[in-house]
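Consider the single chain below, provided in structure tokens and representing the form predicted on its own.
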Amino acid sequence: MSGYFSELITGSKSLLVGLGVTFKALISPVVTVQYPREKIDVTSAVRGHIDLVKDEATGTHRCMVCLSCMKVCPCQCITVQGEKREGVKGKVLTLFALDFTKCSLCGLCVESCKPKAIDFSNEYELAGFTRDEFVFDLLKRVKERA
């Protein structure tokens, strides 16, 4: 009979401790973000897909079609094409495509770019239903931001 009362006291004590933890959590401030409705500020350390950097002086990109990003990419997910036009010094960028389904976000392309024409974007909400939605035309994106 004495074991019965000791178990009753021990059980009551653990019940009160558990209720104390629950009450403390009930009155403490909320730290959870309701994600789809509330957006969080991303840090500068976030690595999204690469993006062409817009040159503020000219209003276009900085890429000089040296192809170093395409050559150094181990995943071969970058396609860069340029053409020589009359009256223009150097090549003119005609295509800069990124297949993000192949990209490993290693950052070698960003490091190898001498004119600092590409950098990581802050986009972290990438979702889609087909692979075609993850092939980005980065030249078109720069022109849309103009």
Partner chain sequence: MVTKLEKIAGPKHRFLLNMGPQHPSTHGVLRIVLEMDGEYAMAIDPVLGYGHRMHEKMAEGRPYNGFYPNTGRMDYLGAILFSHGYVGLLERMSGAEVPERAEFIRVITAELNRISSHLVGIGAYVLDLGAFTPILYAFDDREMILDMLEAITGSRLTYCYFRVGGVTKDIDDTFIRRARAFIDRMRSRLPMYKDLVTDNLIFLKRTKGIGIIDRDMAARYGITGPVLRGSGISYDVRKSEPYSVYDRFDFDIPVGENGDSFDRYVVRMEEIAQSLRIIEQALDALPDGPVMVKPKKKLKLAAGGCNYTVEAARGSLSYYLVGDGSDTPYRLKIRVPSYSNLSPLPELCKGMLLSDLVTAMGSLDLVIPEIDR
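Model, not experiment: these values are computed from the prediction. Numbering follows the first chain given and starts at 1.
The same protein also exists as the form predicted together with the partner chain; that form is not shown, yet it is the one meant from here on.
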Would you point out which of 56-64, 79-87, 38-46, 92-100 contains residues with a non-hydrogen atom within 4.5 Å of the partner chain in the predicted bound form? 38-46
If we define contact as a non-hydrogen atom of the residue within 4.5 angstroms of the partner, is T22 a contact of the partner chain in the predicted bound form? yes
Could you confirm whether E111 comes within 4.5 Å of the partner chain in the predicted bound form, counting heavy atoms only? yes
Just checking whether T130 would be counted as a contact of the partner chain in the predicted bound form - the rule being heavy atoms within 4.5 angstroms. no
Wondering, does E7 line up within 4.5 Å of the partner chain in the predicted bound form on heavy atoms? yes
Residues from 7-30 in contact with the partner chain (non-hydrogen atom within 4.5 Å) in the predicted bound form: E7, G11, S14, L15, V17, G18, V21, T22, A25
